[in-house]
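Below you will find one chain, with nothing else, as structure tokens; this is the form predicted on its own, and questions on how it binds or moves follow later.
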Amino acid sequence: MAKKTVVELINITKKYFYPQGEIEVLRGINLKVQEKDKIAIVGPSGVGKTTLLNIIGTLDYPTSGEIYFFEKKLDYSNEERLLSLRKKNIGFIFQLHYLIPEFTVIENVTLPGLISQWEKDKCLERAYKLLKKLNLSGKENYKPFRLSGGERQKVAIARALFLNPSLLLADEPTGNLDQESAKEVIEIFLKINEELGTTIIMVTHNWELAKKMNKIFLLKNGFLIKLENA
């Protein structure tokens, strides 16, 4: 059975306009992402990797080009539909975990469900299952400051997975972690992809992490270049 295309980018460009002139960060990006893909995007700092990830996640808009989600073209004039797409289909993980410090682990993880007006009992059931899967059982009532860096990132992953997104976008997810914690987070991503079938696109400087993905792309001079992941 042929795999479904989750997202497709066609000739995506991104320009920033300043009084001194314009800067073209993305110059014609073409990318087809299929279900269960594990994609790494690598490249030096400042080449537009995060910009590209934000465009895929509809947090930013391209200057030109087309994006299709599940073969339906994005309509940037309909913010309500974009918001619905993000909420139902896309999970985000950042280098900084962005946990709410005043909230406990369980409160941070259930937040997407409560915002989506799920019943509280259903939210708690979902959160406990995710935390167990990520080996965080017993830490539900901890505040983030009591957790290690790796544990905080795992809480952020649980929160991103709460609504069972089709696509998980990760921006330098191991960037602030020590080597051991980074290895653990890498294994979690592989487990998520294998067990949940979640499609993953991540920006990373961690070559060990990149090599675990089934596709690696280098962003250079505004273009994506496919690399051999070996």
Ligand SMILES: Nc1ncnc2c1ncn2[C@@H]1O[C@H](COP(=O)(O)OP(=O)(O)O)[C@@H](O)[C@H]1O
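Note that residue numbering follows the sequence shown and begins at 1. As the structure is a computational prediction, the values presented were derived from the model and not from experiment.
The same protein also exists as the form predicted together with the ligand; that form is not shown, yet it is the one meant from here on.
Proximity to the ligand in the predicted bound form, taken as a non-hydrogen atom within 4.5 angstroms, holds for one residue of Ser45, Asn30, Asn164, Ser64, which is Ser45. Residue Thr51 is the only one of Ser181, Asn176, Gln34, Thr51 with a heavy atom lying within 4.5 Å of the ligand in the predicted bound form. For the chain shown alone, Val25 is a contact residue for the ligand in the predicted bound form, at least one non-hydrogen atom being within 4.5 angstroms. Contact between Tyr18 and the ligand in the predicted bound form is found at the 4.5 Å heavy atom cutoff.
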